[in-house]
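Below, in structure tokens: the form predicted on its own, a single chain.
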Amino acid sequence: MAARAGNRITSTVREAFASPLAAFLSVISAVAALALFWSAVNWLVVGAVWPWQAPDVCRTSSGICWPFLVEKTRFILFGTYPFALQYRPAIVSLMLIVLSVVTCRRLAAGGPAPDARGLALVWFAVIVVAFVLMGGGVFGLAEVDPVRWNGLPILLMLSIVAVVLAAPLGILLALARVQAGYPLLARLSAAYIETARGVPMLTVLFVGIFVLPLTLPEGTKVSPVTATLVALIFFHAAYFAEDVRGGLLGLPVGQGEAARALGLSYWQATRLVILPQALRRSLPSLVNSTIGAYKDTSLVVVVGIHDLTATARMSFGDPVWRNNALEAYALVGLWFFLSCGFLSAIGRKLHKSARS
């Protein structure tokens, strides 16, 4: 193993200096990497103000202010949710994270596919429990106005629930758009997809917040979180639909013909033969759309919903900590880096298992 590692290092060095241009670029990259590494070490360690030091020292230090993170991390995570009740958003965040990780790892394991019906029931139960815990008002839980649902739980609820519900809707839209025998259905699906993809996401959010309640019966109230969630589901479904349609169009025509020759109905052929192959072909695009949908959820701040980035900005609004924006955004950036990196790793495993 040591010999193999040595050969790999030697091969990498030879490739890095294979030509004068390659050598020049390798040296420049190494110098830039060392400079960034030293800047990070200086900020995190050398010039850092540690939690046991006085917060006033942060004003003259060039490093990270740990006292700020000690005091404000809880606010960044849960925002203005009542302090004494913050165990509830903590439970919601933990449930959604654990279930997402378990689901992704099971899908990427490469073994037998998980029971779709059982998985859907678990997700439905978790989503219901999440909304009950956050809102309260039942089972003796104190009621909390949705306006105070802030930070990490609202980010997870909006992004995960939107993706979970938008994906099957997108599959149905994709199947409808490729129906040559039903041109009206195909055109209606195409019109919806192209309209949703041609409208900015902010416009869809404003429609969900301000127009959707007007279409409901008089006296019906819809919370901003619910309206935003509906808007996100129908918006992202259009992008998922195009990803799946690409996979469907890439399949040989003989796959459907063979399924029909075996006596399978349309839905049986689609579920057992066509769709699994189309989804495998669409994996890179689907993973990319999922990560994009997850990150784009931060735009909900423009309609008054305070997600993780908004609570981070609120945390250094305190005059005492007005110079610590970097620490707040570094914490948020670390979360997005780790979560998006996990999704990318799962996507690579899925793609690798699909090709094998």
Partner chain sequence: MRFTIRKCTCIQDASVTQVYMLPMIPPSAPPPIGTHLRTADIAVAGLVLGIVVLAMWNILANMSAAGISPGFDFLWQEAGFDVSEALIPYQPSDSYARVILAGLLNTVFLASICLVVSTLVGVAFGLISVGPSPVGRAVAMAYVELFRNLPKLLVLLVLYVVAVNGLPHVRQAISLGPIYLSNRSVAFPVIIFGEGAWIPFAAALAVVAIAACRKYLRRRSAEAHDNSRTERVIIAAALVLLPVLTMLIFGVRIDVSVPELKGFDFSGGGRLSTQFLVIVMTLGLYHGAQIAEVVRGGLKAIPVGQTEAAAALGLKRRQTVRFVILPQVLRLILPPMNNQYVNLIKNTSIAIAVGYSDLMSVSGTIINQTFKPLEMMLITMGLYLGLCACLTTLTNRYHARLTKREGR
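Computed from a prediction, not measured in an experiment: that's the story for all the values here. Numbering follows the first chain given and starts at 1. Rigid core (definition): largest C-alpha set, two forms, superposition within 1.5 Å.
Below, we turn to the form predicted in complex with the partner chain, even though it does not appear here.
Taking the partner from elsewhere, no residue among 222, 230 and 279 has a non-hydrogen atom within 4.5 angstroms of the partner chain in the predicted bound form. In the predicted bound form, at least one heavy atom of residue 180 sits within 4.5 Å of a heavy atom of the partner chain. For the chain shown alone, residue 95 is not a contact residue for the partner chain in the predicted bound form, no non-hydrogen atom being within 4.5 angstroms. Under a 4.5 angstroms non-hydrogen atom cutoff, the partner chain in the predicted bound form has residue 206 among its neighbouring residues. Among heavy atoms of residue 265, none comes within 4.5 Å of the partner chain in the predicted bound form. Residue in contact with the partner chain in the predicted bound form (any heavy atom within 4.5 Å), chosen from 172, 251, 107, 186: 186. Of the residues 211, 129, 120, 142, just one reaches the partner chain in the predicted bound form with a heavy atom at 4.5 Å or closer; this is 211. The stretch that touches the partner chain in the predicted bound form, counting heavy atoms within 4.5 Å, is 191-199, out of 268-276, 157-165, 132-140, 191-199.
Within 4.5 angstroms of the partner chain in the predicted bound form, the stretch 239-271 places a non-hydrogen atom from each of 239, 242, 245, 246, 249, taken in sequence order. Here residue 43 counts as shifted, since its C-alpha moves by at least 2 Å between this form and the one not shown after the core is aligned.
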